[in-house]
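Heads up, the chain below is alone and in the form predicted on its own; it's given as structure tokens.
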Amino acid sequence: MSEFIIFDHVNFAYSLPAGAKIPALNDISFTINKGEYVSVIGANGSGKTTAAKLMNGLIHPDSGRVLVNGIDTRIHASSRDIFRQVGLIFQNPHDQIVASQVEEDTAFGPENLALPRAEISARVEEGLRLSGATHLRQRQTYLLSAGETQRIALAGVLALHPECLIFDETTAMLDPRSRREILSLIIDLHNKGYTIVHITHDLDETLLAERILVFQEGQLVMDDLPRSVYQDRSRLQALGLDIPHLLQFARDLQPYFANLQSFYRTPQVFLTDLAGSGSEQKNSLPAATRSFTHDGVIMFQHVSHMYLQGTPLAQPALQDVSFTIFQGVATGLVGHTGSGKSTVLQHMNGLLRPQQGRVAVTGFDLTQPTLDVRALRRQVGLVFQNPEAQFFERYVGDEIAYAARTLGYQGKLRALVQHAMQLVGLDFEQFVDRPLQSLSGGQKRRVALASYLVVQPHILLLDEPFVGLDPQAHQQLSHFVQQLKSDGITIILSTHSMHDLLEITDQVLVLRERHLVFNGGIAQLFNALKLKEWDLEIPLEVMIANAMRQNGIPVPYDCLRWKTMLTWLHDYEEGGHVIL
């Protein structure tokens, strides 16, 4: 393979308005060859996105060199050629959509290259075909789902005929079906000869790569094959990382199943090995529908909502939705992108009012024009999917204190801010005076959560809270949310992650095309027959339980969380049962 991207002792720091600098990369050197598939991982703020921007010339090194196909990115006259050769697809695809119609947006790049009209048309057609978006060509870009928008952003990049594609957390905000489709598309593009650089916090995705780069605090600390990188779990944990769920599950089960390996690239091979020794299937009855005896704190009664009501652009968001959420119960809210999840959450804290039907929250009737919204929001905190959408201040400490100053608080504000930052894993001295714009996406998400913890709400609405977090921060925040649940806080978690849904929630609401199609316990959800129809996926833990049942091991249907399953398996073996 020939060398394509070369980092030669690269240093880079971000400049703050006051003149101070925040180091981002420190003496980085590596090479990516043409046609390689490389994953890039590291904790929040480790320098991954900075490296991506350096790769396609959006920013230039303070010292050292970045070469793209032999061209130094610091040469201004070569910028256009570098942009053409290295395409960057952002985590938020809306950041790179420039036109209102899909076909026009895809044509934007080739038009800026001053290509002939026939060539532009051919490239638009090719970009849409390769990204699987031909059927969207006449659609308005602002009416697309998240998965569709990712495809359009990719189509615009592909129309430039790049040799290398950089995906920066591209799947993070996608529903399960869209995530599978984008990952399949990435693999297909790699098979067609494209060089792939895939930045991700989902470590299971990195098993698809040929090589992994690991960053820590601006330094490259590992560069090796996936099998080698994931050999030493303790070292990875010291870096704020871990091993993929697939490898964790395989290694946890090795003491019980001698034929299992310690490394797998795909769940399919692992599950085949697990069920391969095959014995008689023993059926268990699904667990009974869970009965919640707590008091109802949120009630929706026949709620419908339409955006831009009364205009030609009217768009239905919810249709005849009814449910009850109980005090102290963690409730999951799932469904494909555009199904109405965020609309439901915004009705719960009064950002939206019912156009039809009734919403009651902790005694507040949201249909009443005299509703005390400030009092409601002291009890109900909403952390948005995009944390920047709720920032009002410039610095971290001021932002975390903002909601408390606005809505009221109990105690000394500085101490409350410090405690909230500690809870979400932000060092007070290091971050309190940091500008918000200097934070990584995961750090901004922690600030957004801390800003409502200061207010001490009774109900916490979390809209995709784990997106953008590195594996260790994800685990810490997940444990923290579970602790809030144990403390009696009512949690409503909107998520695309079936693993998080399984670990945290008890009750689940599934939205499909603006309708509520499921309301029940977590065990019933994953025994439902319509998961594929609802664009959901079965978590690997549940597939493992099914494979063990295929081996004659009668894992209870409500024994789904991984630690619970391992405990049951241990007790089953200790009880004298033979496990293959």
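Worth saying up front: this structure is predicted, and the values here are computed from it rather than measured. Just count from 1 along the sequence shown to find any residue number.
We do not show the form predicted together with a small molecule, though everything after this point is about it.
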query: Contact test in the model of the complex: H201 vs the small molecule, heavy atoms, 4.5 Å; finding: yes
query: Distance check, M548 to the small molecule in the model of the complex, heavy atom within 4.5 Å; finding: no
query: Heavy atom of Q437 within 4.5 Å of the small molecule in the model of the complex; finding: yes
query: Heavy atom of A43 within 4.5 Å of the small molecule in the model of the complex; finding: yes
query: Position in contact with the small molecule when the complex is considered in the model of the complex, options T49, N527, N519, N69, heavy atoms within 4.5 Å; finding: T49
query: Single option in T206, Q443, S131, T171 placed near the small molecule in the model of the complex, where near means a heavy atom within 4.5 Å; finding: Q443
query: Answer range among 429-437, 457-465, 226-234, 409-417 for contact with the small molecule, defined in the model of the complex as heavy atoms within 4.5 Å; finding: 429-437
